[in-house]
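Here you get one chain, nothing else, as C-alpha cells; it is the form predicted alone.
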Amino acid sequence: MYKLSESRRDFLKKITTLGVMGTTAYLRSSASMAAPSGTLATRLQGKVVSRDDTAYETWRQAMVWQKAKANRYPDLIVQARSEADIIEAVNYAREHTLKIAIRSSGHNAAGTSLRNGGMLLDISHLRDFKIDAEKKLAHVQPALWCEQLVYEAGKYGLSFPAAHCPSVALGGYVLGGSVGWNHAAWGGAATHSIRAMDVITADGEKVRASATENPDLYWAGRGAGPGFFGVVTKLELELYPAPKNIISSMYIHPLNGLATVTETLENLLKLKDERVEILLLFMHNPQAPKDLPEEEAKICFVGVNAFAESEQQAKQMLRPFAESELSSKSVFKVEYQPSNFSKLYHPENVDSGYGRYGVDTEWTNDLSASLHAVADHFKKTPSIRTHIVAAPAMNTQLHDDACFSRIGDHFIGTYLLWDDEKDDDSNYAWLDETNRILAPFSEGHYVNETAGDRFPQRYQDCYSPKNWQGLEQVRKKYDPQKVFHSFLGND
C-alpha cells in the first residue's frame, strides 16, 4: 500500500481545517469575523456567517471547489463542528423557514450546495473515522476524503471503491451512486457498499437508516446525492480485501486512429477479468508542438489497471492488451508498470485540475458509436485542458434497495476545464453540442456529475420514473415542511 507524504499530510490538515479545497485564498482568521446577529451563533461551536458579514463573500466562494462560483447567495452559511451543531442548525432553519443545502467538500461542479436564500450547512469538519478490520467495515463521517479512506483501510489490508479524484468527500460521493477504483470487483456502484447511515432528519432527530431500520430512508440515501433530504453524519461502509499488486499499462493512439482502439476494445471487453479497469480519454497531447494544428494534437489515451493478488496474476490479466493492436499500433506505450493507489491518485505530469468547470455525463450501451460520434467535435474544444473520459464495461447492477436507478454498460464523462470567465460562453456552447451529439446513445445521467445547474431537468433523467416518484414520496414522509432543498432547480 502507500502512505501520504509529509507535505501531502500537511496540506490535508491545513485545507480540511478550513473546510476549503481549491480556493485562491484561505479564509480570514476567526478573530476578524464578526458573528452575525441572532441566537444561532451562540448555540453552536462552529461558525455562522450572514449576508451582512464582511467575510461573507470569502466564505461563499470557498464553498465551491472549482474556480467558477455560481451567482447564488444563501442567507446564512453555517459551518458545523459536531452533530450537536447540525441538530441546532436544522432546528433553527425549520423554525425560521430557511431551506437547507448541505456541503461536504463542495466538489460538485454544479455547485449544488450553493443556493439562493436559506442556509448553506457546511459539514466539512466532520471527518472522523474508525476501521473495523475484523468486520471489514469503515465507520466514517461524511467529509472524510476518499484518498484518506483508501490510505487508512490499506493499513489493514482493506480498501474501498473510492473516487478517482483524491479530494472528493465520501458523503456526497457515496450518496450519489458513484463508481470508483476497482468498482466492478468491489460491489459495483459505491452506494451499494453503504451498510447503514446516521441521519439528522428535518425535525432535528437523529435516526439510523439500514436495510432493517427505516429502510425507505436507507433506499433514498443510496443514490439521491444532492437531492437527499437529511444530513448524513456517519456512514457504515463495507470494505474489501485490498489488491496485493496493482500493475498498469498505457497506450496512446492518434484520435484519427480511434477505430483501432474501439474495435480492439470491443473484443477485449469480452475477455477481461472484472479486476481489470479501463479508462479511455480523449485529450490534448501535452507534448504536441505549438504550431501543430489543433485537430492533429488530439489523442486517445487508454489506461489499464489490474488489481491482483500477485504480480504474475496482474501481468496475466494485462497480457491480452499487450498482445492486441491496442499495443502494436500505438504511437506510444508503457506496459506492466508496478503501481499503487498513491500513484493512481497522483500521476506525474497530469493537469492539476483547478480552473473553471463544465461537466456532464452519460450512461450508454454503445461505447464505440458514442465515441466515434463525438470524436470530430472533440477536435474543436475551446480549451486544451478539456477531456472526455470513458469507462468501459461498468459491470454494475441496479439494486431494489437503492434509488440509484440509471446505469449503462459504459460511462462517458465530459469535463470542460478552462481559466478565464470571458471564455464561459464558448465552452458551455461546446458542451451543449457535445450533449446533443451523445443524446441518441444515452441511457441517462449520473447525478453527481451532470449540468443540473443549467438544465434542472437532467436530475430527473438520472433516475427511472418509478424511483424519481418514489424519492418524492419518501421526501414527503421525512421532510413534509420542505426544510431541505430538493435537487438544484427542482424546489
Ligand SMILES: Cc1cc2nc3c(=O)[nH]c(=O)nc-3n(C[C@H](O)[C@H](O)[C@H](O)COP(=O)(O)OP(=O)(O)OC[C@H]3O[C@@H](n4cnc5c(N)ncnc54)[C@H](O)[C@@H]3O)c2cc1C
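Remember, it's a predicted structure, so these values are computed and weren't measured experimentally. For every residue, the number given is its place in the sequence shown, counted from 1.
If you look for the form predicted in complex with this ligand, you will not find it shown, but the lines that follow are about it.
With respect to this ligand in the model of the complex, the three residues Y173, V179 and F228 uniformly fall within 4.5 angstroms at the level of their nearest heavy atom. Although the partner is absent here, N448 is a contact residue: one of its heavy atoms lies within 4.5 angstroms of this ligand in the model of the complex.
Residue contact check for H164: one or more of its heavy atoms lie within 4.5 Å of this ligand in the model of the complex. Among residues of the shown chain, S113 is one whose heavy atoms approach this ligand to within 4.5 Å in the model of the complex. Using a 4.5 Å cutoff between non-hydrogen atoms, V168 counts as a contact of this ligand in the model of the complex. The chain is drawn here without this ligand; in the model of the complex, the stretch among 440 to 448, 462 to 470, 50 to 58, 426 to 434 whose residues come within 4.5 Å of it by any heavy atom is 440 to 448. The partner is absent here; in the model of the complex, the one residue of Y357, F129, Y92, Y156 having a heavy atom within 4.5 Å of this ligand is Y357. Among M283, V150, I102, L265, the residue placing a heavy atom within 4.5 Å of this ligand in the model of the complex is I102.
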